[in-house]
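Before any questions on how it binds or moves, here is one chain, the form predicted on its own, in structure tokens.
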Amino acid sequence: MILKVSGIDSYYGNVQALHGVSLEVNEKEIVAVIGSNGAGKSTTMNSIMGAVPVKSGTIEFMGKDITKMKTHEISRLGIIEIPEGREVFPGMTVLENLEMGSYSIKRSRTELKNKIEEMYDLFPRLRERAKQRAGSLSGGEQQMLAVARGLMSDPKLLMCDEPSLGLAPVIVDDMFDIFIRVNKELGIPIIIVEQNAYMALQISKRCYVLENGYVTASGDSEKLSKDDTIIKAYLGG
């Protein structure tokens, strides 16, 4: 098991945002977390990353308790989050953004060049835009760059928060195809937090449903996609 979240309660000040949330991620697995806006999806990701205080419960990553660790310590262990809104460095070029993603990894110039080429192979559009400032890219290109920058640090677990937000449907399809490739070819387990429940259920093995800070359903994604309650609430049925 890569990640085990056990009954966490998280707070913003005195306001409780998560209530006994538990989830697991196994090796080479894509796990989806779905729910409506404000359900607690992003809070769950930020709690795992140490950005939101967890007052009770535990978070274990590869057998190590990370519940009280700081965000930079957690990222050094190998958990990388692609935040909602992408948050690339707008004044830097595509290439410079990729180099920043490798900042915490000791690499020779040749190793760095090879890693960047690996990203260009995954995202050919970024090769074309290598010298372009990230702030001038389209939303889809910025999302590609955000994912590629995250992959530059060789994550052991990749967490993607609302990767389809604000993107055209054809770009969303391309992005989710990339997640499948990253998972299969690089063997990186992925958590995808999504309001687009249909796409999330399509590419994930297992899924957790959040409502008002509680996990209200979980299980095999294919089975959940056929559940009447899930269909009516999240799939437009």
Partner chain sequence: MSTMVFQLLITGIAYGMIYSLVGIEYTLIWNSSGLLNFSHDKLITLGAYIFGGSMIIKMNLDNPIAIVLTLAIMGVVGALLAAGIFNRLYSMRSNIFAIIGTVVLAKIISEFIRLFWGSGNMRVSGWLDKTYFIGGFAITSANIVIIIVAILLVAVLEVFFKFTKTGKAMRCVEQNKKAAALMGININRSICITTALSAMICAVIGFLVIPLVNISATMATTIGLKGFCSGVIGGFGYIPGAIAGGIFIGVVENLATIFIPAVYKDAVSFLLLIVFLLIKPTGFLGKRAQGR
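What you are looking at is a predicted structure, and each value in this text was computed from that prediction instead of being measured. Numbering follows the first chain given and starts at 1.
Here the subject shifts to the form predicted together with the partner chain, a form of this protein not shown in this document.
- Across the proposed site, 72, 80 and 101 without exception bring a heavy atom within 4.5 Å of the partner chain in the model of the complex.
- Only one of 22-30, 171-179, 200-208, 42-50 places residue heavy atoms within 4.5 angstroms of the partner chain in the model of the complex, namely 42-50.
- When the partner chain is considered in the model of the complex, residue 160 lies well away from it, no heavy atom lying within 4.5 Å.
- Interface residue remark: residue 115 is not counted as part of the site for the partner chain in the model of the complex, having no heavy atom within 4.5 Å.
- The closest non-hydrogen atom of residue 111 lies beyond 4.5 Å of the partner chain in the model of the complex.
- The partner chain in the model of the complex comes within 4.5 Å of no heavy atom belonging to residue 125.
- In the model of the complex, the partner chain lies within 4.5 angstroms of at least one heavy atom of each of the following residues of 61-99: 71, 72, 75, 76, 80, 81, 83, 87, 88, 89, 90, 91, 92, 96, 99, in sequence order.
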